[in-house]
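What follows is a single chain, given as structure tokens, in the form predicted on its own.
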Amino acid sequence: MMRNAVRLCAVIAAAAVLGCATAQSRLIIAQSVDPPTLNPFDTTAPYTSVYAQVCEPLMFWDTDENGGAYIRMHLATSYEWVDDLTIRLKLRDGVTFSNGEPFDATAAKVSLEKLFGAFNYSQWLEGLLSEVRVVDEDTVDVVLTKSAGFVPSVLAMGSFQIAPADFAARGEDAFNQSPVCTGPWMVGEHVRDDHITLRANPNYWGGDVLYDEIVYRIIPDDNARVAALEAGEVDMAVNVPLSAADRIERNGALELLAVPSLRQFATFFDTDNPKAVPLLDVRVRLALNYAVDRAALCSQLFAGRCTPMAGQFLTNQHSGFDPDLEPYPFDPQRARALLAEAGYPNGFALELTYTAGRYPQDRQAGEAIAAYLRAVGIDVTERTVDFPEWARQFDARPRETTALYTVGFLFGQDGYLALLGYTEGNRFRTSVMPEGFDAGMAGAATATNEADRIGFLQQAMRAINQEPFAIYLYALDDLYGVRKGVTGFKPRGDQTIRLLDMGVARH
């Protein structure tokens, strides 16, 4: 009872401070996608950029000053492994949901159970939860069914906290359109295919909210988003096309912000394909990596706004990245020698599928990769599809995709989660894989010490450097246009927006 009274006083005090604070009227953001739901457990990146201002997590992935990945605590102040099956979370005191409900261990238990039961997280969490145990008002234990050292990484992706009494009273349908959480802003209105308005939470526990409103304008067309920015109709535009980058940089009223994306592009091998027999030989897979000039792709197709993959399928923003590995050198002579050594001095025939339409340069990149492979003797037949059709072909049984396919994936900052889809029995494992990769991933799956997890992941990276499962290509820069009056915005590699650091003044 005393604890709730202290919380009430804190809320009243915060509201009084906010009433005296000078707030800016509105921040307008142009984005391409209108979220069909704001339920934080039904998550993809464009949706997160809206509901992350409303619903806060226990912890989240962030990037340090050196560009490295780390878990930043938020509604939880710390976590520890009590034993191999139990994660203990200490919760922040003095926090309330925007409707006045207390945030405590009982509330956290409800949200954690929803996370472990969410379909979008089932690829990592299915069958792992034994129970969520309330220890005291500020402490909750997550008890697992088996050792899984990666669970804190998943919590850092999706441990959003919702007001349990509100959810029970209004139901899921109403919640999906206007969730009640602890964040700096609350959902105001949502006009489908036009805009979403968030309004300042006057009782926000974390400080003074600097914007009365956050407005997301839904502008699917890339050029129209840029035009709205140039006309002063919006303060920020996401997914700026490469073709507009120079124009924004020359505009004295605007600033172009770039961040290397966590979306990694590769030309993957499907060694199950009957036409892919040559790819079973590791010398052939290495040869194809030496055949492609990643640096030229980045400079010529993407104006240098691109980072070649460093001989592994992680970027330096991922946990588990091995800094000692380097991109495969562009060496067509070595590629031809390896092909001859493998018994293919005159090359062989392969089909290559690449997507077109999702990113403007996809087709050009696909054509260039095909040309590089032809230059070392591979007879390449090209197939072009849009991304939905590629996904349909990939998930068909038997798979309808070709022996080579080029696509980009984004799975967050944790290296283990980014690579899990390539382990035995999982969706994206289409190539033979080295034993060292499986051993490293198995170690990372159970290790609860972060340094040990990193070591296992780097072991896996070294294995797939020596025996590649794809032609590791590049990570593109994500581009944002911002009006110069807007300060403090830092783009994230996971393509989500979190306005906390630029929109809230700490007490």
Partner chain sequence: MGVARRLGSRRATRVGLVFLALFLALGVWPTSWLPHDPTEVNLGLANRPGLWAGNWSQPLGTDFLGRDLLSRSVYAARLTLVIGLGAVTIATLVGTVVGLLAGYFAGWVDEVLSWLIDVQLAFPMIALAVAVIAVLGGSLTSLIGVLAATSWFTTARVVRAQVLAVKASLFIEAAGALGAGSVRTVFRHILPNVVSPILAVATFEMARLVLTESALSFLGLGVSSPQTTWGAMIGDGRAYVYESWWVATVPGLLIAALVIAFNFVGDGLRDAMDPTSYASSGRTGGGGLRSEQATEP
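Every value quoted in this text rests on a predicted model; they were computed, and no experiment measured them. Positions refer to the first chain, counted from 1.
FYI, the form predicted together with its partner chain isn't displayed, but the following is about it.
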- Message: To test your reading of this chain, name the stretch in 144 to 152, 241 to 249, 320 to 328, 337 to 345 whose heavy atoms come within 4.5 Å of its partner chain in the predicted bound form.
- Response: 241 to 249
- Within 4.5 Å of its partner chain in the predicted bound form, do M73, K114 and L129 each have at least one heavy atom? no
- Query: Does A371 reach its partner chain in the predicted bound form, with heavy atoms at most 4.5 Å apart?
  - Reply: yes
- Query: Does its partner chain come within 4.5 Å of any heavy atom of E382 in the predicted bound form?
  - Reply: yes
- Might N223 be said to contact its partner chain in the predicted bound form, defining contact as any heavy atom within 4.5 Å? yes
- Message: I'd like to know whether W205 contacts its partner chain in the predicted bound form, with contact meaning heavy atoms within 4.5 angstroms.
- Response: no
- Among the candidates Y211, F265, Y354, F103, the residue which, in the predicted bound form, approaches its partner chain to within 4.5 Å (heavy atoms): Y354
- Item | Option touching its partner chain, based on a heavy atom within 4.5 Å in the predicted bound form, out of E367, D281, D93, D272 | E367
- Stretch 291 to 317 - residues with a heavy atom within 4.5 Å of its partner chain in the predicted bound form: A296, L297, Q300, L301
